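Only one chain comes next, encoded as structure tokens, the form predicted on its own.
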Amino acid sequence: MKKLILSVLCLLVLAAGGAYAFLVLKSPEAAAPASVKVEATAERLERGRYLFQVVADCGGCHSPRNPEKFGMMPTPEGTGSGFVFPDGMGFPGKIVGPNITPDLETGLGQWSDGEKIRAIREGVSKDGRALFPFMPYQHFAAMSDEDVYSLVAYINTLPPVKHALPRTELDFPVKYLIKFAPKPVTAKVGAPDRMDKVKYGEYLVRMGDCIGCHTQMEKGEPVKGLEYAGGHEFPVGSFLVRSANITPDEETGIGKWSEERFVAKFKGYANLTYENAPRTAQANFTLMPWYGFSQMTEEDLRAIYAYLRTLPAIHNPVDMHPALAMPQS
């Protein structure tokens, strides 16, 4: 009997060791980067700027941010030079938005355009590593070929900034499980039909990763049945904000909002600047990139509104700015 138990234990140890070795040695699913050199036309540069600064808010994760400014606004200097996310935000490890300027030593200066496209839409780094899906490449997989070319064209024009940063360091087992996240984009991706307001709005919502902030998360995944219903907590330092319910629920969401009210909410931040941004307080603390989104065209904002109106209305009251208990002396 003892021999049997010992044999079973040995088999379990071997199985666990084999599984661990598999995870350690596994490479993410990846296709070779496209051999493409993106042509930087005036149209692409303008569209790329719009995607980078407004719709996808790339600068929000890849630029230094000032926690004392409303919305932790990115600083005017060093756009794209990277950002180390503060501890205590609930991430499974130390998360770093890397330097994506064309600096040869610390940025993307030695990356090909195909490697940049692969990282954006497939989540695979130049060296073959899987990127942490906080970078919303699973949504960017739907980014049209022309839009991703435009985004890369604009990134290529950023002033190179020498800013060395550490790599993201994830906790066990997430550091291995993310290897299953990347998926190659194997077919051409066409541009969304802007004449279909709802479909175009869905495209913009995916590019803005709205679900990533406006859905409660559990073990890194959106809680089923609470998509876009808000309540995701973002603690940063001594502040805490919960995301808003943006489903069409009339009591706890935006069900009673007119299209005009929706557009006006965003446009109300159009004159906000880094210089005039108010000081951060618990009552106004947010990570919503209001300034960037305020620069969105009215056509795009109306398309987003049209799509959000098609979502299931979910009743989910959210206290966005709770009064925080003061530490006991």
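Remember, it's a predicted structure, so these values are computed and weren't measured experimentally. Each residue number is its position in the shown sequence, starting from 1.
Same protein, other form: the form predicted together with a small molecule, not shown, and the subject of what follows.
- Although the partner is absent here, Pro136 sits close enough that one of its heavy atoms falls within 4.5 Å of the small molecule in the model of the complex.
- Val185 falls outside the set of residues with a heavy atom inside 4.5 Å of the small molecule in the model of the complex.
- The small molecule is not shown here, but in the model of the complex it comes within 4.5 Å of a heavy atom of Leu151.
- Taking non-hydrogen atoms only, Met73 never approaches the small molecule to within 4.5 angstroms in the model of the complex.
- Relative to the small molecule in the model of the complex, residues Arg47, Asp103 and Ala164 are all farther than 4.5 Å at every heavy atom.
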